[in-house]
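One chain follows as structure tokens, the form predicted on its own.
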Amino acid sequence: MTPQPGSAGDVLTLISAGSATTRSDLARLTGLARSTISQRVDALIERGLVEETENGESTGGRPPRQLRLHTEDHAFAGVDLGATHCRVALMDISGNVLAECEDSMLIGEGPEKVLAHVDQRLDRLLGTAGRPRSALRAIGIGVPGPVEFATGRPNNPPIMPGWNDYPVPDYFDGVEVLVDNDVNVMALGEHRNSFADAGHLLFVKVGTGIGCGIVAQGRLHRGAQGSAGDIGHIRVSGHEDAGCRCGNSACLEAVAGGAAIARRLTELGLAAETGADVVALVQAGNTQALRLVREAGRLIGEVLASLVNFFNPEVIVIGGALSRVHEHLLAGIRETVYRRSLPLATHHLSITPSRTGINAAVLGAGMLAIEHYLSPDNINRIVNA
């Protein structure tokens, strides 16, 4: 249901965005009567969502009371589950990190063991931050595989045995849980923390595989079934002999992903099994690794050039394990994108390495939880309950 203009949820949106800091601001921006604004604000204060303080700057007479989000009694969690790691961050309602941790954890150990570990870490972080479990309002989780976002169930994730159709949100009692693909939460984390003014952004994760998170008009775009941005399985011409784990051949990640580069280096007699091994060889100055990473960048650039012509983003952010050697990877990407895309589409285009780095997913997962909780529909439900 679409909230009515000027609802409590709309009022909180203006306060959380910093667009309104006083009741007078709210009345001016919404056009509502001061009495109606007072009702909305008082309801938000009563629910512990907003606080009002007397520290405004006076323009003559009594200083105006300032409105801001009430951060003390709310906590949110961002969880980044990778193939071999688990990162958890506890945040306040403004997105500030209160406590965080990182552990080695194999996603292949299955949902029960992995989520039990997450639950234990949440209790520890809440204790560190001095907040009770009841303060935890929502949890955002990013996983390394496709997800049906509406239900939070992984959908045939190739590197997550035992997770298919598992009801992840049901594991946690008394708190809302949102589950999304890791590259989507990376895109959200990067956008909110580093490129908030960009309306259209692509976040390309180049690791073992390759995926893309899409931000359109400031919002995540998931597509009809949540599979938007799966660019790793776009066909690349001239590589028909490269088999992909999806069952097809010549997929982008089968020729330019970290695992594919490692495989080619192994064939050349170098010890490389993962994208991390590729990074280590590049950082050691190995010329074969340098050549293959730059070649991979050109192949990725071919796909991105088509996306630039189609989507016309302002920013393309490159993240993932191979972004640690971004000067070589981006050189290949930029070379192809600027050569193959239309001049108008690239006139103001920025292609840049991730600024949030390894924290992109955990920050994005936390923002996913916070923004869901602060959405007008959800706030109206809380206020009217």
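Because the structure is predicted, anything quoted here is derived from the model rather than measured. Start at 1 and count along the sequence shown; that's the residue number.
The protein also exists as the form predicted together with another copy of the chain; that form is not presented, and the subsequent description refers to it.
When the contact criterion is heavy atoms within 4.5 Å, does P146 count as touching another copy of the chain in the predicted complex? Yes, P146 sits close enough to another copy of the chain in the predicted complex that at least one of its heavy atoms falls within 4.5 Å.
Examine G95 and determine whether its closest non-hydrogen atom to another copy of the chain in the predicted complex is within 4.5 angstroms. No, G95 is distant from the partner.
Contact label in the predicted complex: R263 to another copy of the chain, heavy atom within 4.5 Å: Looking in the predicted complex, residue contacts with another copy of the chain do not include R263, since no heavy atom lies within 4.5 Å.
May I ask you to check whether S194 falls inside a 4.5 Å heavy atom distance of another copy of the chain in the predicted complex? No.
Contact check in the predicted complex: I214, R222 and G226 versus another copy of the chain, with a cutoff of 4.5 Å between any heavy atoms. Do all three pass? All three within 4.5 Å in the predicted complex.
Residue among Q283, S249, T151, T71 with a heavy atom within 4.5 Å of another copy of the chain in the predicted complex: Result of the distance check: S249.
Work out which of N164, N309, T128, Q288 lies within 4.5 Å of another copy of the chain in the predicted complex, going by heavy atoms. Contact check passes for N309.
In terms of non-hydrogen atoms within 4.5 angstroms, which of the given stretches 134-142, 299-307, 185-193, 254-262 touches another copy of the chain in the predicted complex? Result of the contact check: 299-307.
Out of 331-359, which residues reach within 4.5 Å of another copy of the chain in the predicted complex, heavy atoms considered? Result: R339, R340, L342, L344, A345, H348.
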